[in-house]
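Just the one chain here, the form predicted alone, laid out as structure tokens.
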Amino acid sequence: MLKKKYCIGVDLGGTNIAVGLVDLDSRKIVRQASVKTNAPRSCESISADIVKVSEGLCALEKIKLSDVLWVGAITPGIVKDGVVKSAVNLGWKNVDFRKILASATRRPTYIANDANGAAYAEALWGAGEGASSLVAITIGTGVGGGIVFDGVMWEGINGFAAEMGHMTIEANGRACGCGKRGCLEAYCSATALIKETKRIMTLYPESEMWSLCGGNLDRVSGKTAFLAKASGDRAAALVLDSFIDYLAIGVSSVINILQPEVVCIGGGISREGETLLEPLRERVEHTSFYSEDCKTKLVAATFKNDAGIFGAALLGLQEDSNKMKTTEQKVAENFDICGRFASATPYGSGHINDTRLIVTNDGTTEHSYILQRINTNVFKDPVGLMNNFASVTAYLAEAIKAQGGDPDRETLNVIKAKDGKNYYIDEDGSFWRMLIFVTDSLSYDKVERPEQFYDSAVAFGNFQYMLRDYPADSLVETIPNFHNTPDRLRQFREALEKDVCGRAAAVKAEIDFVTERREFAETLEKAHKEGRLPLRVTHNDTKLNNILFDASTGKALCIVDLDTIMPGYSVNDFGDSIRFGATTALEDEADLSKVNFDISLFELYVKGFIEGAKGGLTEGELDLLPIGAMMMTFECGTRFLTDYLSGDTYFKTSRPAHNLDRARNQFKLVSDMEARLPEMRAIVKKYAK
């Protein structure tokens, strides 16, 4: 059974056909190859080449073409509903590319214009990820474009939509290749930039641009003026000032008409980065309509040479998106929401539940909600999970209100289904929940500055404080024995005995590391039995990205991802944060010389956590905070090693021995902590006074 979701992306150009095998989970091109287009020739002949290359890539990955979910292809020219109306450099006119390629591959097939495809990749996985709307302007030999609204490309009634290069920016201006005058392409394509560079060079023989091209006008490129301007060349500045002025007119026109959330500039010119974008933004601000609190973002495209393959590969997601809207509109309408359904778009970067941002409109106001399908493969008791979720968030709302806070923003709020339950079961048996979307908030996948780590500590400490009187034993275990370290060792021993992949002999040192700490693994459970470690309401996934920060103040606002709320130990929540936050490297760093326990970040988190808990931690909990940090790191490393011995069946991996690298990484941190345990205890004592 395939673990990965593959699709094929085909970038059909006038010179080359580039084909990539894309893994949708890892968002990577795992294999790619190209062949010459040799145009003009028939669509059937080109499709046969695409099949041959695709089958070769699949074979290298030990799968068959029939295993891929779909085939997507982008092509130059005008495309509508899979039919290439006209593609001059391919010699095609009214060719049903989708039908022919689908027949050849025997897979679901999707076709789009190349610029539209590149825009779609940016909207889904690139510069516009998470945005509701994106316009891409691609600057190359010509100027292309693409428009994506709510996850759907806009082709127009005839496939001509988003031809940004042929908007008129100067009446009766320069002649364009399309036969008209004054088009953006005549001023802002790479071709136009090179032509203007050469013209200015002939007027300024002393320009640095001459030396950059060796005195040969034939060697002038789109970079020539940028390189010369960086050294203060006046002639180059004239070239680029004119180029950026005209480009700003085009970008401003797009913003004034469409008001998209994101405009991204692609093509080779985008590699100039802020050298291009900073002055472009300044000019656009003077010529476009916007409000300070809701302004279009102007950014460089994310994808470079592989934009075509990614754009083609993701085309199948558009149909999924359309199906999603139909499905999720039906689901959303079973909840007690305000207004009529307007849109559903993928949201966030979680890997367990399917999450969508739902927008409704009541005629005067838009309302935003989070709709999630609960993964019942992971959470076997979704009813119990939602009882935990709704009960704890309602309790938090009252506690926040009593403190004078804003319960609509400082905790999650469950929207009930119309039948009064805090979840909805659809006709397929899927469990759904709906929450009020917390507006004007941000989340971070990694610590960008030490203050964030401190703020997260205060937030999770305060979480413990607010729930200190909540009866933890009334909650169900959404994942039984999730942080029961002795039980994790039992699973490790079972995997070691089976050794299904024959890997144990090569990892004796790691196995010994775990085995030598069998008694240590019992520490927290033993402390609980002795009454030194009380049962608490615990979050059990205290990563930074499970905290929303206020977009205005930058302060921690709301704790999210509450699926694993259940009875547990406060020191485990503390320890999980230390495990990922007080380290000098990511958890899958293979070079152990880069992996070290950062005692200064440990101290910062201790200070914040104790302050946030406001004296609500017992003496036993305070004493065991350092042990909690060691235990969570040890437990996580043991889980990685267990999965490695079992054949990598639980954690996603992207390379051989990925789980082994993770285990070694965590064990290195445990060793560091063991060596510095006296210091850790002294730090806790310092702030526990």
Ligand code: GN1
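We call the rigid core whatever largest set of C-alpha positions still superposes within 1.5 Å between the two forms. Residue numbers here begin at 1 and follow the sequence given. None of the values given here were measured: they were computed from a predicted structure.
Not pictured, yet referred to below: the form predicted in complex with the named molecule.
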Query - F634: touches the named molecule in the model of the complex, heavy atom cutoff 4.5 angstroms - result: no
Report task. Using the partner position in the model of the complex, report whether F341 sits within 4.5 Å of the named molecule, counting heavy atoms only. Result -> no
Requested in this report: Give a yes/no on whether R639 approaches the named molecule to within 4.5 Å in the model of the complex, heavy atoms considered.
Outcome: yes
Query raised in the report: Going by a heavy atom distance of 4.5 Å, is N388 a contact of the named molecule in the model of the complex?
Result: no
Query raised in the report: Which pick from Q464, S252, S133, N546 sits with a heavy atom within 4.5 Å of the named molecule in the model of the complex?
Result: N546
Report task. Name the residue from E410, D561, D573, D455 that puts a heavy atom within 4.5 Å of the named molecule in the model of the complex. Result -> D561
Report task. Using a 4.5 Å heavy atom cut-off, indicate which stretch of 229 to 237, 524 to 532, 142 to 150, 537 to 545 touches the named molecule in the model of the complex. Result -> 537 to 545
Report summary line: When the named molecule is considered in the model of the complex, the residues of 465 to 487 having a heavy atom within 4.5 Å of it are I479, F482
Query raised in the report: Can a Cα shift of no less than 2 Å be assigned to T638 between the shown form and the other one, given superposition on the rigid core?
Result: yes
Query - Displaced residue check between the shown form and the other one: T478, CA, 2 Å or over, core reference - result: yes
Query - CA of R31, rigid core aligned, shift of 2 Å or more between the shown form and the other one - result: no
